[in-house]
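Only one chain is shown below, in structure tokens, and it's the form predicted on its own.
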Amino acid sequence: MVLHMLFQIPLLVLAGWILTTALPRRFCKAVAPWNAYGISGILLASLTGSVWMLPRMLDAAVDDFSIALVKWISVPFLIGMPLALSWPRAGFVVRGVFLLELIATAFRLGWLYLVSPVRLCNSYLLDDQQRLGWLLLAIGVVAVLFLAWQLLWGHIEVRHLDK
């Protein structure tokens, strides 16, 4: 379960991000008006990511090859690529909201996986679920500390888009 959620899915997102470099400039320019300030792409990535965080979808991806294939296609193309196209266009507030929601989701899922007395994913054991819960909580804490460090002592780059 840890490998599935914390390695496989992020690596698929990274693959989609890297695939964006192979897109023709014409495509990026055509998508730009639709993705003003990166909001549409980040929203698409967030909604798609929410689907793949559901325990039911994790089970389905393990048990059914067609669902696994959908995951292997949708995560790079509907999470990784939209994030890569949107992140540079997103302003400070949009990025902040996205990161805070990502951290909150890590805390919510970590807590859920820890306190649930039953397995939420039938394909994984209860101790796998609890291990993932602890790791998600740890990731949330590290992310909060990193963002606090950046806000207090780091440099935050604010980009202004010229139209």
Partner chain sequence: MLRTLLASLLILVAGVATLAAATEGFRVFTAETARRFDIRAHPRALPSLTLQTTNGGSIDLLDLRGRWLLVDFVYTRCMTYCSIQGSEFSRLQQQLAEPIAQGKATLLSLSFDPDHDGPAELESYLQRSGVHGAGWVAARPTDATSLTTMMRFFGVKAISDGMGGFVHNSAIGVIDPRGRLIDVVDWSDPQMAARYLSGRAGS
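Positions refer to the first chain, counted from 1. It should be emphasised that the depicted structure is a prediction, and the values quoted were computed from it without experimental measurement.
Another form exists, predicted together with its partner chain; not displayed. Remarks below refer to it.
The three residues Ile9, Pro24 and Leu114 each lack any heavy atom within 4.5 Å of its partner chain in the model of the complex. Taking the partner from elsewhere, Ser66 is found to have every heavy atom lying beyond 4.5 Å of its partner chain in the model of the complex. When contacts are judged by a 4.5 Å heavy atom cut-off, Tyr37 counts as touching its partner chain in the model of the complex.
Residue contact check for Pro55: one or more of its heavy atoms lie within 4.5 Å of its partner chain in the model of the complex.
For the chain shown alone, Arg119 is a contact residue for its partner chain in the model of the complex, at least one non-hydrogen atom being within 4.5 angstroms.
Of the residues Leu99, Leu135, Leu109, Val51, just one reaches its partner chain in the model of the complex with a heavy atom at 4.5 Å or closer; this is Val51.
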